[in-house]
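Next up is one chain by itself, shown in structure tokens, the form predicted alone.
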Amino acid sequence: MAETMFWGFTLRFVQSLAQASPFILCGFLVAAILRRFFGYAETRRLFGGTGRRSLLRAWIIGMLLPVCSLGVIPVIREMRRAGLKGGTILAFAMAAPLFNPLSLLYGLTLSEPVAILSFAACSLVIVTIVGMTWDRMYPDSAGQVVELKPVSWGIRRMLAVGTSAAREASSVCLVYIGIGLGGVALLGALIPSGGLQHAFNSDNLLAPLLMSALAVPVYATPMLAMSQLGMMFQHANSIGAAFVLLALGAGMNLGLVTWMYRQYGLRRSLVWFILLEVVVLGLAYGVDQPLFPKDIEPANHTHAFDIYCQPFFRTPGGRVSLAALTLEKLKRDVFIYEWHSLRLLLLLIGAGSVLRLTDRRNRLERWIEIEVPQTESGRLDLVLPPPVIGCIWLAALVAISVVGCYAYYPTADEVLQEMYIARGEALSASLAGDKTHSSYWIDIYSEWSRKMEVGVYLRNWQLSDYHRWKARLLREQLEFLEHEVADEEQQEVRRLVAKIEQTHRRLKIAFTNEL
């Protein structure tokens, strides 16, 4: 039992860290840009200062930047140093992890795209009501500002961004990020495997309330949260619980809670959470019935939250160890780009640690901030003010996210080639009764069907109900197949494999000849 808990904790921690690493890197970069290109005065101006419009600006900027609830931590630390009010900072911290261009497109391919747009509008309601109320109760929440010296254009300015990002990556930020990851890893050690499959059914009136208790220690990237929402809509689970998952599961984590407590104290933090819970639960119960999918028969279970439970059903016997299974799962489940991002993150942390050990008096920063007489620029040189370059940097991050959509969601022809491989692996493993191999490839097969929907929607800006139903039917049959393989019903498995082959052929015709 103890061994299962230990390796469950380890697996979930490393999985979550790898998934979060691209967003954490982006967070460090955004924080460095705000610090060195914008400066504190321009950062306050960017976010609307201390007026009411600051909440709306925080929501808009947060919706555009590709960060998660861990990657937002270095950004809000910089906003705090800039002297922004607590309501604006916490509103940004809530809004930024919920949506980005990638996750929003994914969400729009759900059975009810209006639900995602409604969730986005509800997030604005949350940050506005909670932020304005909290700021009214605590108008003195802005921190003391120590303005930074401007940095000369050229190599010094670029070096300033790198050193700021490296020092922040090796700061107390790591503690907050570790606490955030520890929350979801602890769930993976304590909750029995499959223990959440029946907790959020549509007939459970307490499902949103139960989700509110689970969601804060949960850490979910924007893409993972959207994937879980998709599974909940597909099974017609509680829509109110789905909204709470997005608002608190993707928008909060224990690291953010710890940072809030250290910055604003216990009383103010509790007031924020009480306001947040009241508004989120009120909206959750309000949207539950209006957004409930009417064309889907409710299921009595969901696999959306298996990732927050123990990853091992039982301690393996024989020569197979949990350590070996953990390594195998990491190699199988973590994408190659996530491994590369994790290496870059560790490199940035290492560089910052070396810088802190060798330059404890910040001599490098003082050299960077020395005012250097600017020589006359050439005819082709264009010297731009730092805030302008900062805006270009932030716009570039958004543009990269948009361009990345086309790479992450390929054309239908490319997806069908990947689905051909996944189909062969999934169906052959099912016929052979290999539960682990079958479950792994069924998930990949199902995920590619969703990516095909997004890719078509991205390129045509529409996706008919006919095509949605073709893809949904395939996913439903794949789920039935996974259950039959687990129950070792080989006769039913063979019947479903034949049906899936037929459904796949019709899906291919629909997405190649009938668009």
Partner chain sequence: MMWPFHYCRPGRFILCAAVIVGAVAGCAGSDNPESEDDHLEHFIPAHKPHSFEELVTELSERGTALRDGSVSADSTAVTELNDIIGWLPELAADSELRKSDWERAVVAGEKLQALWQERFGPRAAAAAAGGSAAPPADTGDRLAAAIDVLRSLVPASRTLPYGTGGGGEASADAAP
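Numbering follows the first chain given and starts at 1. These numbers were taken from a predicted model, which means no experiment stands behind them.
The form predicted in complex with the partner chain exists for this protein as well; it is not shown, and the discussion that follows is about that form.
Participant: Which of these residues, L159, L270, V172, L344, gets a heavy atom within 4.5 Å of the partner chain in the model of the complex?
Facilitator: None of the other options qualify; the answer is V172.
Participant: Just one of T436, N362, S428, T128 has a heavy atom within 4.5 Å of the partner chain in the model of the complex. Which one?
Facilitator: After the contact test, the surviving option is N362.
Participant: Only one of 412-420, 392-400, 89-97, 250-258 has heavy atoms within 4.5 Å of the partner chain in the model of the complex; I'd like to know which.
Facilitator: It is 250-258 that comes within 4.5 Å of the partner.
Participant: Hey, in the model of the complex, is K470 touching the partner chain, heavy atoms inside 4.5 Å?
Facilitator: Yes, K470 lies within 4.5 Å of the partner chain in the model of the complex.
Participant: Using the partner position in the model of the complex, report whether E42 sits within 4.5 Å of the partner chain, counting heavy atoms only.
Facilitator: No, E42 is distant from the partner.
Participant: Whether L214 contacts the partner chain in the model of the complex should be assessed with a 4.5 Å heavy atom distance threshold; does it?
Facilitator: Yes, L214 is a contact residue.
Participant: In the model of the complex, does R80 have a heavy atom within 4.5 Å of the partner chain?
Facilitator: Heavy-atom contact with the partner chain at 4.5 Å: absent for R80.
Participant: Pick out the residues of 455-482 whose heavy atoms come within 4.5 Å of the partner chain in the model of the complex.
Facilitator: Residues within 4.5 Å: S464, D465, Y466, H467, W469, K470, L473, E476, Q477, E479, F480.
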